[in-house]
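Quick heads-up: it's one chain on its own, the form predicted on its own, in structure tokens.
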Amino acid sequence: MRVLIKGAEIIDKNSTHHRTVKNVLVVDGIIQQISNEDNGAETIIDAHGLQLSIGWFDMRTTIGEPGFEHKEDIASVCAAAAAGGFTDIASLPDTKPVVQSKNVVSFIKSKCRDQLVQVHPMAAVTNNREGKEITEMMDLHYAGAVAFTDGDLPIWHSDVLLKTLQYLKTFDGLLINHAEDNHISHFGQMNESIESTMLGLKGIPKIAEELMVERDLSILKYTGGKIHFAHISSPKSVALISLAKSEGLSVTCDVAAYQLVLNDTLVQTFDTNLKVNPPLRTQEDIQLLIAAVATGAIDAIVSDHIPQDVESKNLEFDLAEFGMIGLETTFGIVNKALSSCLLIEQLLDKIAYRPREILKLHIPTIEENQPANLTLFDPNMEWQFEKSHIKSKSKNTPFLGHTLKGRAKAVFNNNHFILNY
């Protein structure tokens, strides 16, 4: 298959063609030529006015399968990822059975082996994510697990965290933790603030996150190793992580895209699609998080894609499950929120380069004779997100009817391509 991407501006900081407008010829999944020539091809994509980057990578996706296929399966999550411009996703172990055996890791990898979007499974730290006994992490690592996490559950036991960090050091493994002291957040429904008081909902204070970050960093300083904090929501947490970085600790963090645009006042509608954990914080917190993204204190931006079926969301607010889908909307959200303070190169660093660097995965580049792992996108396109745009099996998003800025037009990977026109 010969595909000519005609007239795209290449945005790849590692490429000799960075910030040039070129015709890119892809033949059988390989970038054969980058030039000004108008070579013939079976498929010609008019990319004038569009930009071409390496494929985007989401490092926090819930895939559903195995066990929760009624909410999401690997085929549907890959379709959602491609629609959102992602060619690779790192999946959480929150499945049934939990990703804690080589067989489940192999199952996930085999389901996408011949597909465009590649799923990189993360395995559980503890058996059944109960926080008590650690899994056979070395075996899971050699089976293909790219990191270790208990998903949306914290490593609550301090000794387990200590032993995990020591064990992971033997093969330079990465621990990803959801920072939450669940004794403080127990029964919490939203951010603890005047809003939660007015709505009569139990709040989840920021200190529940901050205390866990402080504990984890103290143990990391003692043991050594590497830790990544997922979907940070407190500016104080970011400050603690930044201080740890300055002291030489190997620590990184990410933020969920929706945390940069949605604040806790919106929960007044009792829309259960706004029920997430960590919860939506204040507008002041959002401004500080955006500043932390701009300065590099926050390393990556994630979708935090958590599909929930109607039965899990069409309930009273305090009974509904946490989470929203996000693969289709991540770029449009953050590009709109951050375009005034970030260059497109800086934004792509958060959703394409840094996730791969953190997970120690190969970083593609736009050069001749390299595999075509590409995202073609329009950074200026304003579009209204509708239900028809959703490829996920679940529809739990508060962004229906919202105007987003920037959209992926095509993705290329693994000798496949999909047009999103």
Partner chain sequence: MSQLSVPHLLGIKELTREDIELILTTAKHFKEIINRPIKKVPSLRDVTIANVFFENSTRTRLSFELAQKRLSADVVNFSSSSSSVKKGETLLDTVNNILAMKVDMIVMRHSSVGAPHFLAKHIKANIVNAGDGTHEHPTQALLDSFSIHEKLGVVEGKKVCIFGDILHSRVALSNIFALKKQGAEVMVCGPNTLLPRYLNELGVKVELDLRKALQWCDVANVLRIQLERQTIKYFPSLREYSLYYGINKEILDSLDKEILIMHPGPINRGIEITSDVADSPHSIILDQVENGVAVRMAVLYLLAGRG
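These figures come from a predicted structure and were not determined experimentally. Positions refer to the first chain, counted from 1.
Keep in mind the form predicted together with the partner chain is missing from the figure; the text below concerns it.
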- Message: Quick check for you: of 310 to 318, 226 to 234, 127 to 135, 160 to 168, which stretch puts a non-hydrogen atom within 4.5 Å of the partner chain in the model of the complex?
- Response: 310 to 318
- Message: Taking the partner chain as it sits in the model of the complex, is Y222 near enough to touch it, meaning that at least one heavy atom pair lies within 4.5 angstroms?
- Response: no
- Message: Quick check on N277: any heavy atom within 4.5 Å of the partner chain in the model of the complex?
- Response: no
- Message: Taking any heavy atom pair closer than or equal to 4.5 Å as contact, tell me whether S193 reaches the partner chain in the model of the complex.
- Response: yes
- Message: So, L201 and the partner chain: in the model of the complex, are they within 4.5 Å at any heavy atom pair?
- Response: yes
- Task: May I ask whether N380, S388 and Y421 all come within 4.5 angstroms of the partner chain in the model of the complex, judged by heavy atoms?
- Result: no
- With the partner omitted here, the residue among E345, D271, D181, E214 that in the model of the complex has a heavy atom within 4.5 Å of the partner chain is D271
- Query: With the partner chain left out of view, which of T197, N103, S218, S246 would have a heavy atom within 4.5 Å of it in the model of the complex?
  - Reply: T197
